[in-house]
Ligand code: NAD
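Next comes just one chain, in structure tokens: the form predicted on its own.
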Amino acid sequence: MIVRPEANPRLDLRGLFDAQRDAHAREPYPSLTRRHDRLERLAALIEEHEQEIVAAIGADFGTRPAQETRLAELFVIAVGIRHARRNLSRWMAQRRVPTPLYLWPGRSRLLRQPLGAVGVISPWNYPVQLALLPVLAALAAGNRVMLKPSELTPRTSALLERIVAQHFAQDEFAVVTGGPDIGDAFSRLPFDHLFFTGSTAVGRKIALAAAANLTPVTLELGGKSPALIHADADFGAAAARLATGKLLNAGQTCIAPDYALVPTSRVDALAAAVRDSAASLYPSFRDNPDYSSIVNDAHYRRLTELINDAVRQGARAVAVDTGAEAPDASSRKLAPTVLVGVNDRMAIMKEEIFGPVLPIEAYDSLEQAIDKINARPRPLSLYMFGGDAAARRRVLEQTAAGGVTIDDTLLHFSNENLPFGGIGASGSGAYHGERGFLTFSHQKAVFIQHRLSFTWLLRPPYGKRFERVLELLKKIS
């Protein structure tokens, strides 16, 4: 049976935090049954309100296909909840760890303990998935959770605030809505852990605010995720999978392939193949309900300026031919565009694109391609198409990225058995599956001494006995 506690009266930010801290103090280690109940209520939340969620996200974006929301948001959350529920008892179990000979006959254990009251700050691009995935990990680990969703998707954020209050008491899981001022105050609360998903620039500010309280943070950021195309790749298959990963949510995906690295002789071939794949996926994109809008006017203007800047500096834009005039800005439907002849002076090669634009950069050798990847900040994801075993191993070992998918895009994110997280400028820490449970847990070291302990042999007064025992310990350790 799913319990639906009545929502408490709305509390102020600090008051809400204090209520969660007090609730954690009363129940510092929730039982398996209690945690299962919370995950069941989270599952019920997305199941019972699916249509409302789809409508709210669609309204916030202007156009957002219901199928993308159901697949990339609700299905992903449902999979995460099922995975957590199946494995939760194993994750919670105390771990035996080896005890060195010099500490025998004592025993050693690890206790995975909830942290307490944790905060989650989520972004606008997947406003439900990227809000609730860390929440489910925190609830599975036995914590109380406060969520601050993005103000750039106000309808979805307001809906989350309302439906979470219908399924959870505020001292279990609560949503706080508001603008940047609320977000700033939220990040300064002395949480036991703070989880942020968003841009690198804002991530730096979050980390600084959390540092004042010595609050540990997980940062899921972004960056320029490359797609390396080896010379022997199947360009038709690679182009179709590149276009699919790039154009999901009109490119507004933190792990979307940001740019492609292609052998010099194959640049035009890939550009044409990606263009044709995009046209096949989204014919007549302006009126196509399967193709998402850019979330707001500011992001639309930013993307068009990135394209214009690249063209002014010599790049060639290959836009999808829809047989219609380019859309006006009011629709915020930006034509899928491939850019050929890009270089590092162009703004589009300096910042994360976060839109349906794919620059193609040429390389003459695998060594040069690896150097180009390593010259940029470490990306959240790396994609690779083709290549023999030796070439793939070379790329995997000589580049750094948060995660990798080979011969496709995005899919490493979807495996709950793989940790998801960034490295360097693309983030710190990871979650999904057991890795998410551990992110929101403290692994408490426990040593259990035996009544027949021999440690008295090392006690003062020191003398020959101490020296003999220490020499023996050196030999057996």
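Just so it is clear, the structure is predicted and the values come from calculations on it, not from any experiment. When you see a residue number, it is the position in the sequence shown, counting from 1.
From this point on, the text means the form predicted together with nicotinamide-adenine-dinucleotide (NAD), which you will not see here.
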Notebook entry, point to check: For the spot marked by L247, N249 and E351, is every residue within 4.5 Å of nicotinamide-adenine-dinucleotide (NAD) in the predicted complex through some heavy atom?
Noted result: no
Next item on the list: Heavy atoms, 4.5 Å, nicotinamide-adenine-dinucleotide (NAD) in the predicted complex: which of 277-285, 95-103, 306-314, 220-228 makes the cut? Say which one.
Entry: 220-228
Item checked: in the predicted complex, the residue from C254, L358, A117, A137 that sits within 4.5 Å of nicotinamide-adenine-dinucleotide (NAD) by heavy atoms -> C254
Note to self: Under a 4.5 angstroms heavy atom criterion, identify the one residue in F191, F196, Y383, F173 near nicotinamide-adenine-dinucleotide (NAD) in the predicted complex.
What the structure shows: F196
Margin query: If we define contact as a non-hydrogen atom of the residue within 4.5 angstroms of the partner, is K148 a contact of nicotinamide-adenine-dinucleotide (NAD) in the predicted complex?
Written below: yes
Item checked: Any non-hydrogen atom of N125 within 4.5 angstroms of nicotinamide-adenine-dinucleotide (NAD) in the predicted complex -> yes
Note to self: Test of understanding: in the predicted complex, would D234 fall inside 4.5 Å of nicotinamide-adenine-dinucleotide (NAD) by heavy atoms?
What the structure shows: no
Next item on the list: May I ask you to check whether A369 falls inside a 4.5 Å heavy atom distance of nicotinamide-adenine-dinucleotide (NAD) in the predicted complex?
Entry: no
Check: Is any part of 179-209 within 4.5 angstroms of nicotinamide-adenine-dinucleotide (NAD) in the predicted complex by a non-hydrogen atom, and which residues would that be?
Finding: G179, P180, G183, D184, S187, F196, T197, G198, S199, V202, K205, I206
